[in-house]
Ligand SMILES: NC(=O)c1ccc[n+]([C@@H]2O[C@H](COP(=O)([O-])OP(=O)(O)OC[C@H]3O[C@@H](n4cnc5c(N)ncnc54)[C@H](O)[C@@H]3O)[C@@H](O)[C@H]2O)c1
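Read the single chain below, which is given as structure tokens and is the form predicted on its own.
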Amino acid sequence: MDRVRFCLVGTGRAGMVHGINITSRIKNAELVALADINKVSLKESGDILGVIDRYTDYKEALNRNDIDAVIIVTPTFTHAEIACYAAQLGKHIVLEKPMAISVDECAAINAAVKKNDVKLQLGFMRRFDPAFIQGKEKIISGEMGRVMIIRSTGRGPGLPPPWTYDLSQSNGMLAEVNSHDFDSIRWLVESDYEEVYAQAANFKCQNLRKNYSDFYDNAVVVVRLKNGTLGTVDGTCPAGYGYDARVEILCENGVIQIGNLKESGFMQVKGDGTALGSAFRSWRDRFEKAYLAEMEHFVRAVLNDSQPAVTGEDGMKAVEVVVAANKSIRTGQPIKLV
């Protein structure tokens, strides 16, 4: 095999990021088919990407013999079905976060991947971001001493799609937005979660209260990891002012900060004290390089028959802590993880 031939299932915003990277920025990769039940999105994306073969039924697309791998960028509640079907057909899989709705669904995906000997990579692109990689390297070097407290902020500018309002379909904002925070904390400190305590509120979306009583747009989660590290995750969506992803890592010998609220890194402070700058408007802008790097990594893994860096086990661990945090919100109690 000299190139990886992809089918993209899901042609929304995140799907198009992957689609554009495959068609115009990655060598040894080809996008040969698109699948989406939304005919309008399917046509528009196909025209932009220059992909002729388009399907409203993902099964019809994946049954093609000339497809080596699938990129799944669909609503969370569909992930397990599509991923398991792809694995059974011997297709390698890039699966956007969150991995699935439940730990059991994650386990089913991992079992199908193992049984059919295919590769699975989760879409935790922060692990491929230069600033996050630099932070990880500083921790590993030991020069900062052990990590004592890690604080991760994840805020989205606008509301996600309506299906996410129902927590049974999405696991809420902590899954859709803050899965990245939970994964990067675990990755940076190299430890699993031991205990989770969470509080949440609906401050900005009063119109959703009637039909989605458990919906929240703000959450704060306190965690303890098995190696003793303490941490917090705070999430807001919609934040309004822009996309905000930052991490502060307090170590014995100092502090590491990852991420910048300002897109350009420039700020102007006027004589009256007014500060002017521009925030990232989108996650696509903030992590443009990381999205490209993660897909390049997956293509190499398929061609070289190597293990992708972000596995199904990583995806399952992130779902596990999100489920525990939502349980803590409902019960008002800290939740122990096995």
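The first residue of the sequence shown is number 1, and the count goes up from there. The structure presented is a predicted model; accordingly, all values stated were derived computationally and were not measured.
Missing here is the form predicted together with the named molecule; even so, the following discussion is about that form.
Interface membership of G123, defined by any non-hydrogen atom within 4.5 Å of the named molecule in the predicted complex, is confirmed. For the chain shown alone, N28 is not a contact residue for the named molecule in the predicted complex, no non-hydrogen atom being within 4.5 angstroms. At least one heavy atom of W163 is located within 4.5 Å of the named molecule in the predicted complex. The named molecule in the predicted complex comes within 4.5 Å of no heavy atom belonging to T311. Here the chain stands alone, but in the predicted complex its contact with the named molecule, taken as any heavy atom within 4.5 Å, falls in 91-99 among 91-99, 135-143, 211-219, 252-260. Every member of the trio R13, A35 and Y58 reaches the named molecule in the predicted complex with some non-hydrogen atom inside 4.5 Å.
The single contact residue among T153, T76, T229, N110, judged by any heavy atom lying within 4.5 Å of the named molecule in the predicted complex, is T76. Note on contacts: among L167, A131, I82, V247, the single residue with a heavy atom within 4.5 Å of the named molecule in the predicted complex is I82. Heavy atoms closer than or equal to 4.5 Å to the named molecule in the predicted complex belong, across 103-119, to no residue whatsoever.
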